[in-house]
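Only one chain comes next, encoded as structure tokens, the form predicted alone.
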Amino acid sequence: MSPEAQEFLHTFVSESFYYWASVFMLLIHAGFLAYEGGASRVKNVLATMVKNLITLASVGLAFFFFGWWVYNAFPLFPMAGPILGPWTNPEASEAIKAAMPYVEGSYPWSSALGPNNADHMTGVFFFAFALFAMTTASIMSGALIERVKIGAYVFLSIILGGFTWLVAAAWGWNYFGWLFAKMGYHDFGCSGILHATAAFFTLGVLLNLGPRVGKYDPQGKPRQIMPHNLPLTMVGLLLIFIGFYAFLAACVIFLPGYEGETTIYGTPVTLASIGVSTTLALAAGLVGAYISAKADPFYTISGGLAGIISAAGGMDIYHPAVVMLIAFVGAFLMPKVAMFVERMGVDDAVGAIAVHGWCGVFGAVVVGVAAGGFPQGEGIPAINLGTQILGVVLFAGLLGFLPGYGCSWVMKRFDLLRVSPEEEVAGLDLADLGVPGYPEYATYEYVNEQLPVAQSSGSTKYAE
């Protein structure tokens, strides 16, 4: 085989790898749609599912027009000058000179994103990162169900999925990122970068959005609002698990000319090890949540995701025994965090603050404990606890909670955030879409109305 043919084959294999990993990541969104739809009440099921579907459109378009550029343009900011300042001059330093081609290739009008034969990789990386961005916004989606205005959610999804988490990724999940390159931050599976950012952005929104009508009694004690279809929610989470195998696989650097797989942190990794660790994290997380929640079905299956997120930050370097321990601890504490959040008056309908917020923070910080001193790429500082904590503060606080709270506070002041009490009580399926999620004959209300009629006419159709 000629060198040209070998190069093409290597490029095609890498392109195919990221393409199909991204396709399977769509299962995350199929899972979120089912998960949140099942977690809602009957009167809100369609509106909840449509809102999650709209995430693909709002974040996908935002990512094309500016999100991809944010990831490539912000790695050096603010350490090398303002965003429109000296660092954009390739003559300023070798780092800027090396980074600028990626910035230019991420403009919406870049030929690398168009129909061409010259660049096989930029477009497929755009595809993978777009799916990451959609996942970030979907984390927020479930927590807000049954009372947020669809327009408010679309706006917030664009801010979170198209901007704030991408600044976090630029700093700590980018080869040029200052938090990684200068300080040694390590977060292979985005425990802090993606999950903590999204969850604390969501927490800021929830504080302004307020609880659902009837969630708390007059004394302020929380009432349980059951999912209308818990089995559907459980199936949705299983689809999310499958998608996370693809998500973590796409975190592996597998490029033409590279000798084997690696990570952006310069640590060696294999798909085989990621498969082993993800499976063990899933299993240990299920066990931890099952024990902690006393076999509660919702928290048990959420424990699988909690386990994966808890172990994701260092999954590329952890021994399997460490993976199991970290996943178990994170998932065991997750239901307790969820109940604490609920007692504090925060109505998180799906436990996103506990699953993604607590486990995201824990997963990022524990890397500094379990892998402290581990060497990274050439010239990169070793993993250290201080940098891991700094990263979490920046992601959860500066890029998560503050913009989430600030944007939702402004919308609340202009009555743009929450539906009216009348719409909420009637249900968002009728208020937003004008149609019920289920036909009338499938509801208890219809059966109860028709039962007396059937009994008076002697019919046994409904009595049976």
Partner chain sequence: MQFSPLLAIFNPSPFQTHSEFLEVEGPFYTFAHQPGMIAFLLILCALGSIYFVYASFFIKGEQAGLKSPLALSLLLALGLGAVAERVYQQTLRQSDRPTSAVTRGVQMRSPQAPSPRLKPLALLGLVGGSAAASRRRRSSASRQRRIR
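Predicted, not measured: the structure shown is a model, and the values here were computed from it. Numbering follows the first chain given and starts at 1.
As for the form predicted in complex with its partner chain, it is not shown, yet the points below apply to it.
Among heavy atoms of Lys97, none comes within 4.5 Å of its partner chain in the predicted complex. Contact between Met183 and its partner chain in the predicted complex is found at the 4.5 Å heavy atom cutoff. The closest non-hydrogen atom of Thr267 lies within 4.5 Å of its partner chain in the predicted complex.
At the 4.5 Å threshold, heavy atoms of Lys294 reach its partner chain in the predicted complex. With the partner removed from view, the residue among Phe77, Tyr102, Tyr245, Phe374 that has a non-hydrogen atom within 4.5 Å of its partner chain in the predicted complex turns out to be Phe374. Among Ile253, Leu113, Ile150, Val329, the residue placing a heavy atom within 4.5 Å of its partner chain in the predicted complex is Val329. Stretch-level contact check against its partner chain in the predicted complex with heavy atoms at 4.5 Å: of 164 to 172, 329 to 337, 245 to 253, 138 to 146, the positive one is 329 to 337. Residues Ala370, Ala371, Gly372, Gly373, Phe374, Pro375, Gln376, Gly377, Glu378, Pro381, Ala382, Ile383, Asn384, Leu385, Gly386 are the members of 370 to 386 with a non-hydrogen atom no more than 4.5 angstroms from its partner chain in the predicted complex.
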